[in-house]
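Below you will find one chain, with nothing else, as structure tokens; this is the form predicted on its own, and questions on how it binds or moves follow later.
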Amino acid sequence: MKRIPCKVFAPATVSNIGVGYDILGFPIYGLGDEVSINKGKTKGLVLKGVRGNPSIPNDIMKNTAGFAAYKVLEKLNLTEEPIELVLFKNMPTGTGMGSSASSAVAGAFAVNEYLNCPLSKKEVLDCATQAEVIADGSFHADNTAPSLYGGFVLIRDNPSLDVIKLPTILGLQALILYPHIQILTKDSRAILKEEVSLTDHVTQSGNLGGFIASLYKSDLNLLGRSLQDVIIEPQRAHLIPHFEEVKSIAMNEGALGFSISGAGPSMFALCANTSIAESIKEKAAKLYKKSKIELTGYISSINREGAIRY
């Protein structure tokens, strides 16, 4: 079958969503990584270049986009297929917005598209999630799954990639605030305690169940009552300058909930409308400006499409 060159986009994501450590995530619009695929001049996959971030390695085995693409070819016994891949790295690393996952999804998705989609989405997800291990040493799909599938996603079980797409409440807005400091996922995971108290487990389980129920019921009040992380956020909040102050601003301005995006330093608020999100963004920017920390804010509805081919 004829191979047609293509370019794909895989969106940035918010993972954990506070109450769902390693098992919940959603993507946003307007931010993510791209991969272009063309026929190569020699046998095998070649990562021809990384545009936008010279610090990202060109070695296929050390680059999440390249490794994910290679895993697709390996699964199909096509590792000698002549392919040239270019990664357009539109996101900085260590942001807490699924940068490595976006690259991985783009790489796997692009090669599968180029080969006329022989793999299912779940098989593509497996390849992308294997590549994520390069970035943080752990096999979890709470960034890769929402980036690929779109919408709110629950990973019931990471090892088997038992992924469930959840409903999206129409009109719900996400605000992501990115203070320009870097926190690597490996480091942020390393500080977490292995033990959880029974009380916190019960509270978090109730909040997780309530959050999922709120999506099915389109119940913003229930969503707000449920979006309270009592396990991970308290252990990581100190890594992010002014986290508690920004959270206080967000909740006072009417956010439904506020927590850490992924491993941080980005933070997110879910809001009933863009007016609330804009107000939080403006006041947070003033706070960080006083501390001379650059802050970038993104406001987006929930991206229900996921990875797309141009």
Ligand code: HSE
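Only a predicted model underlies this, so the values are computations on that prediction, with no experimental measurement involved. Sequential numbering from 1, following the sequence displayed.
From this point on, the text means the form predicted in complex with ligand HSE, which you will not see here.
K.L.:
Tell me which stretch of 142-150, 208-216, 171-179, 119-127 has a heavy atom within 4.5 angstroms of ligand HSE in the predicted bound form.
P.N.:
Among the listed stretches, the partner-contacting one is 142-150.
K.L.:
Which of these residues, Arg225, Lys165, Lys75, Arg189, gets a heavy atom within 4.5 Å of ligand HSE in the predicted bound form?
P.N.:
Looking at Arg225, Lys165, Lys75, Arg189 one by one, just Arg189 meets the 4.5 Å heavy-atom criterion.
K.L.:
Using heavy atoms only and a 4.5 Å cut-off, determine which of Ala263, Ala250, Ile28, Cys271 is in contact with ligand HSE in the predicted bound form.
P.N.:
Selected residue: Ala263.
K.L.:
Does the 4.5 Å heavy atom contact test between Glu113 and ligand HSE in the predicted bound form come out positive?
P.N.:
Glu113 lies outside the contact set for ligand HSE.
K.L.:
Although ligand HSE is absent from this view, report whether Arg236 comes within 4.5 Å of it in the predicted bound form, heavy atoms only.
P.N.:
Arg236 belongs to the contact set for ligand HSE.
K.L.:
Give a yes/no on whether Thr185 approaches ligand HSE to within 4.5 Å in the predicted bound form, heavy atoms considered.
P.N.:
The answer is yes: Thr185 has a heavy atom within 4.5 Å of ligand HSE.
K.L.:
Within a 4.5 Å heavy atom cut-off, is Tyr21 in contact with ligand HSE in the predicted bound form?
P.N.:
Close contact exists here: in the predicted bound form, Tyr21 approaches ligand HSE to within 4.5 Å, heavy atoms only.
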